[in-house]
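One chain comes next, on its own, written as structure tokens: the form predicted alone.
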Amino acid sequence: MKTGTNEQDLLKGLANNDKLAVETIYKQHYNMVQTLIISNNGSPEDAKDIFQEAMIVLYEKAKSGVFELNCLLKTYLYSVCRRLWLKRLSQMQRTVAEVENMEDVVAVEEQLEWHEQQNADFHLMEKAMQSLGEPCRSLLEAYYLQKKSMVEIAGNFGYTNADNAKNQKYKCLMRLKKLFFDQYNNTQG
């Protein structure tokens, strides 16, 4: 399986100490690694350490000039992080069972599938938000992302009171839900 041009560009950027390439790899893959570590007896600090070690491994491979990535970058990083974490667990004597049984503890395929589905759902939600239009998008962002009260929203959006703002928020939420599920059902069929 050949990897995409974008991933090859990221590897070249990493080898050349390109800050944007490093940031992109972090943004795209760190949460997956954090989920792996935390769900297997680790802490957020452990996840940062393991991801950093994996980035060093990837950097050294990319810098060598002979490294050929034959899978997705996500799969490679996940595999390296998983091995590093199992090694650390073994060193800390926190293993649950013999190393042969660790495959049961770290279900690679299930977690990757779950993570990929989560990412796909987030992208669909992002698309639904973009096609929602104004003022609904701004109203929902004000309430859910900026954590503004209904009184503040009523004042900012020109509604007569908080109840009217709440009704509008509900209508916008129903529109967003419909847009999301229309897209979701189109991708499933």
Partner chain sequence: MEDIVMLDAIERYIRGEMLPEERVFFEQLRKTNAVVDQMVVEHTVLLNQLNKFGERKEYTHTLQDVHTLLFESGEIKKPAPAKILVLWKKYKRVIAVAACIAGITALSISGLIAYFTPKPNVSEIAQLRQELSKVKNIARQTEAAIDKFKNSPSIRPVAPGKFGGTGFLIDSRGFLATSAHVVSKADSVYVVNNKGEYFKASTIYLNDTTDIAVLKIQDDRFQGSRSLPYGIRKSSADLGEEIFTLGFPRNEIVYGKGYLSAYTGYNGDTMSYQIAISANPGNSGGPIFNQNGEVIGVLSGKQITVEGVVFSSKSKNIFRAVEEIKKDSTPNNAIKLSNSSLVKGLDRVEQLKKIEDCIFLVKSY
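Here, rigid core means the biggest group of C-alpha atoms that superpose within 1.5 Å across both forms. Residue numbers count along the first chain shown, from 1. Everything numeric in this text was worked out from a predicted model, so none of it was measured.
This protein has a second form, the form predicted in complex with the partner chain, left out of what is shown; the following refers to that one.
**Q** Is there a non-hydrogen atom of A154 within 4.5 angstroms of a non-hydrogen atom of the partner chain in the model of the complex?
**A** No - in the model of the complex, heavy atoms of A154 and the partner chain never come within 4.5 Å of each other.
**Q** Going by a heavy atom distance of 4.5 Å, is S90 a contact of the partner chain in the model of the complex?
**A** No, S90 stays farther than 4.5 Å from the partner chain in the model of the complex.
**Q** Is the gap between T75 and the partner chain in the model of the complex 4.5 Å or less for some heavy atom pair?
**A** Looking in the model of the complex, residue contacts with the partner chain do not include T75, since no heavy atom lies within 4.5 Å.
**Q** In the model of the complex, does S149 come within 4.5 Å of the partner chain, counting heavy atoms only?
**A** No, no contact at 4.5 Å.
**Q** Would all three of E60, Y143 and N167 be in contact with the partner chain in the model of the complex, where contact means some heavy atom lies within 4.5 Å?
**A** So, yes: the whole triplet contacts the partner chain.
**Q** Could you tell me which one of C136, A162, M125, L69 places a heavy atom within 4.5 Å of the partner chain in the model of the complex?
**A** The residue from C136, A162, M125, L69 that makes the contact is M125.
**Q** Sequence order please: the residues of 45-73 with a heavy atom within 4.5 Å of the partner chain in the model of the complex.
**A** Those in contact are E45, K48, Q52, M55, I56, Y59, E60, K63.
**Q** Aligning on the core only, does the CA of K12 end up 2 angstroms or more away between this form and the one not shown?
**A** Stays below the 2 Å threshold, so no.
**Q** Aligning on the rigid core, do we see the C-alpha of Y143 shift 2 angstroms or more between this form and the one not shown?
**A** Yes, the C-alpha position differs by at least 2 Å between this form and the one not shown.
**Q** Following rigid core alignment, is the displacement of the N119 C-alpha between this form and the one not shown equal to or greater than 2 angstroms?
**A** Where the cores coincide, N119 still shows a C-alpha shift between this form and the one not shown that is 2 Å or more.
**Q** Did L86 and N119 drift closer or farther in the model of the complex, going by a CA distance change of 3 angstroms or more?
**A** Closer, not farther.
**Q** Would you mind telling me if V57 and E116 are closer or farther apart in the model of the complex than in the shown form, C-alpha to C-alpha, with a 3 Å or larger change?
**A** Relative to the displayed form, V57 and E116 draw closer in the model of the complex - a change of at least 3 Å between their C-alphas.
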